[in-house]
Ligand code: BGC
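Only one chain comes next, encoded as structure tokens, the form predicted alone.
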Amino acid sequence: MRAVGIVPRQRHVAEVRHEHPEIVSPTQIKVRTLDVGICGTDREICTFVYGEPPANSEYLILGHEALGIVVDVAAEVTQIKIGDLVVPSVRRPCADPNCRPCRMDRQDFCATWKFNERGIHQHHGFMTEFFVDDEKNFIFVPPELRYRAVLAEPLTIAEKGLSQVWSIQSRLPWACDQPGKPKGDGLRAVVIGAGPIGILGAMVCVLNGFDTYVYSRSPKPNEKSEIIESFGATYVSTADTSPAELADRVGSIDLVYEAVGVSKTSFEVMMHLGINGIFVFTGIPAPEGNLSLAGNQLMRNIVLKNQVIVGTVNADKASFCDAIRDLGEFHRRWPQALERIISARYPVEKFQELLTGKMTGIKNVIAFSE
């Protein structure tokens, strides 16, 4: 069957002929691929800075943001049926019997770093016509989200990040506990970056009641600023507003959700994090390069203002379930904004342009079938 992947030894991005998968375990399901989202990780893998095929393969099939339809189920599958729409999770657990997170299905916190990830590391991805996996690695998608659920995987980043925020900040009276009001009511959030992860993160913040600001490079007006302000967040450009001016405008910043992968801007904003504030890193910049920081002042702020800095990567099943739930709420409240995040759908034949050419739009999707 058709698949798109990389051949690292040849430094080649290509369409490959991959063996048609079949169910081999009583808890597996077989899925026909509908949509696969293209993200920065896919494009980085296509520059061969990382991305490792399975041990028995010369190539790695790409794709970790996917939506599909179930075409077959094994005998012991209980929650998913043929015809259901599903999204797959990405990370698979390591084999170490002493890795407590992986043994408890929390491979997003794998303690050995020997996990594998579909479409990224030692496990073929979803940029192919069919794939098979265990039922527990899938999340049911309501039919009304057929053309939006491919956004679940980037949205899970925000969902997991915010779940950690609520957990960490439960150490103090931080979240709103008034009946009928969202937990973020009265709190201020800054989202750094206006790509798909940033826009979806801002949507989650608004949904949770935060007074939300998105801090991004391009001056207004632009397509991203229009989308962001259509669902109630405020767009601010780095081109005309410094981090200090941003803090003056926002007031005390309770939450920063970083979604840009640029260390300079991120640490400049961190200098203005408020009392009892929490800063969530999601971006992964290149390891090269150095940054000069006002280290003494930053350390004083963290200690004296009871601040927390946390990094988050990958997501657990609960975050995928939260993502599907919130996509449904976005679809109900802000259907046009949600629709505009997906810039275009392309046939498989356009893979080379999408993966190695000049990226345009917000989120591009390869449509394998209708």
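No experiment lies behind these values; they were computed from the predicted model shown. Position 1 is the first residue in the sequence shown; the rest follow in order.
We do not show the form predicted in complex with the ligand, though everything after this point is about it.
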(request) Report the residue, out of Val90, Val165, Val150, Ile199, that has at least one non-hydrogen atom within 4.5 angstroms of the ligand in the predicted bound form. (result) Val90
(request) May I ask you to choose, among Leu291, Ala95, Ala294, Ile284, the residue with a heavy atom within 4.5 Å of the ligand in the predicted bound form? (result) Ile284
(request) Please name which of the stretches 115-123, 242-250, 201-209, 172-180 has residues with heavy atoms lying within 4.5 Å of the ligand in the predicted bound form. (result) 115-123
(message) Contact check in the predicted bound form: Lys224, Ala259 and Ile362 versus the ligand, with a cutoff of 4.5 Å between any heavy atoms. Do all three pass?
(response) no
(message) in the predicted bound form, is there a heavy atom of the ligand that lies within 4.5 Å of any heavy atom of Ile157, even though the partner is absent here?
(response) yes
(request) Using a 4.5 Å heavy atom cut-off, state whether Asn301 contacts the ligand in the predicted bound form. (result) no
(message) Is Cys39 near the ligand? Define near as a heavy atom within 4.5 Å, in the predicted bound form.
(response) yes
(message) Does any part of Cys321 reach within 4.5 Å of the ligand in the predicted bound form? Heavy atoms only, please.
(response) no
(request) Residue by residue through 290-318, tell me which have a non-hydrogen atom within 4.5 angstroms of the ligand in the predicted bound form. (result) Val313, Asn314
